[in-house]
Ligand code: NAD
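What follows is a single chain, given as structure tokens, in the form predicted on its own.
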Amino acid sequence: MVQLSEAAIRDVVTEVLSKIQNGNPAPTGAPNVQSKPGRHGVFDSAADAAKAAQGGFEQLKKAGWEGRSKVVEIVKTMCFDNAERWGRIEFEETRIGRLDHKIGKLHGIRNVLGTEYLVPHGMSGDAGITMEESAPWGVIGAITPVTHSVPTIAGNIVNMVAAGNAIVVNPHPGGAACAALAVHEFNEAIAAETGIRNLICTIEKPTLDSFNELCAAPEVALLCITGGPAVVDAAMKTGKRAICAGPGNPPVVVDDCHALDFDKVARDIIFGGGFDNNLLCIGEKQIIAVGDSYTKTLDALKRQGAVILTKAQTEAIKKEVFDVKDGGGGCSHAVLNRAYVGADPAKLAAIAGLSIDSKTEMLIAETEEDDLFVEEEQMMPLLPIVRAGCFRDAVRIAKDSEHNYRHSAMVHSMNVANLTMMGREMDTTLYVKNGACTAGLGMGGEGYISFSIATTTGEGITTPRTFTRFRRCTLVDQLNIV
């Protein structure tokens, strides 16, 4: 046996650590796939990213529940500690929404569910013992939106790693740089604490081709899609299990109740509909007010700082933010001008030659129920308000404008029968009564947060359990001790 001096041992250790920090070689049992130099978990190819993530998954399996819990703790702590820096980087890259709310979303990652949610179910009787538990899928391919790039990735990491999985992210191109930065920093911290490498991987320059390559990768066992109708439709056709967060156009109904505090109603609508300049998929997108509540709601919105547009101002903004295309056969459809998605109210108001306070959070437009601002999910801090003759009529308008996406709906009422009737009619994944939309995700209401709400495939607000397979283990014999 060759004896090495302390100096020689130190040199060997230094060389090995240097190679590991540069992505070479891969840990034992993991595919020898290299990420970009100095960019831990960042890849040019979706196929390479999937192979590397498979190695991360194998390492996580060996780390067990303790390893999963440690990763969850690392991600939550990093999101809180880096919220201002990462929020600013994302804002500067995407140029949409509000900086303070991007920071707030990262703070909210601490309320995402982790390993504590995965509780096994046991049965014991004369015939033996059966245990039902949640098992991981392996490598999950995740598609994330430009509206919440880093928060969606971080929330998915907490849910998916708690469930025992590794992740490959194909982010929206508009938020790919901040995604790559966060993935690198997450991986570095995870590797330093647990030794696990490439647990979270991402594509540096995501495209439709990289999406297709990710879906086809044999290592990817499950897809999680948080995006628009086109990418959801594509994922559903891959033949792989897909958890899909689809489109929404959430209405808020205001009942004609004397007991309502209309100033609170207005504050809730402005906060929820104005959060991150209305980029939330659950955010209030149109107001339907019943009878006398129409005027009361408008007056309260004014008192709470909203700017009420004239009809001419509304039309001027509409012409700029929507492009009506001829669909042939006498049909037409509106295409949203993406330049105004998540824009500040002042930018929208300037289209109509209106100068407003930069602190204004919401514009309000009085419209009919068939207006484009009602029918289309515009993701801007401009809410149309429609008058309804009665509560049942308001629910009809709300249901029509929501297009049966069954995503989210809000209502303000003190009438229990009306609250119940609307809930049954809308049949949405989130239904918030007497609060802002954000209450449905635990911000101002009870519950937990997630940035992937699987409306299309029915899983609802995602949790660690969403990303598991259920399996049963049975031991047969008279083993009970009673």
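On a predicted model such as this, the values are computed, not experimentally measured, just so you know. Quick note: we count residues from 1 along the sequence shown, nothing fancier.
Just so you know, the form predicted in complex with the named molecule exists too; it's not on screen, but the next bit is about it.
Asker: Heavy atoms within 4.5 Å of the named molecule in the predicted complex: which stretch in 448-456, 58-66, 415-423, 44-52 meets that?
Answerer: Flagged stretch: 448-456.
Asker: Consider Leu208 of the chain shown here, and say whether it contacts the named molecule in the predicted complex, taking contact as heavy atoms within 4.5 Å.
Answerer: Yes, Leu208 sits close enough to the named molecule in the predicted complex that at least one of its heavy atoms falls within 4.5 Å.
Asker: Can Val146 be called a contact residue for the named molecule in the predicted complex at 4.5 Å between heavy atoms?
Answerer: Within the cut-off, so yes.
Asker: Give a yes/no on whether Asn159 approaches the named molecule to within 4.5 Å in the predicted complex, heavy atoms considered.
Answerer: Although the named molecule is absent here, Asn159 would stay clear of it in the predicted complex, with no heavy atoms inside 4.5 Å.
Asker: Can you tell me if Pro171 lies within 4.5 angstroms of the named molecule in the predicted complex, counting non-hydrogen atoms only?
Answerer: Answer yes; at least one heavy atom of Pro171 falls within 4.5 Å of the named molecule in the predicted complex.
Asker: Select from the listed residues Gly128, Gly104, Gly195, Pro247 the one whose heavy atoms reach within 4.5 Å of the named molecule in the predicted complex.
Answerer: That would be Pro247.
Asker: I need to confirm a contact call. Of Ala312, Ala259, Val335, Ala230, which residue comes within 4.5 Å of the named molecule in the predicted complex, counting heavy atoms only?
Answerer: For this set of options, the contacting one is Ala230.
Asker: In the predicted complex, does each residue in the set Ile74, Asn82 and Leu113 place a non-hydrogen atom within 4.5 angstroms of the named molecule?
Answerer: Spot residues vs the named molecule: no contact at all.
Asker: What are the residues of 267-294, in order along the chain, with a heavy atom within 4.5 Å of the named molecule in the predicted complex?
Answerer: Just Cys281.
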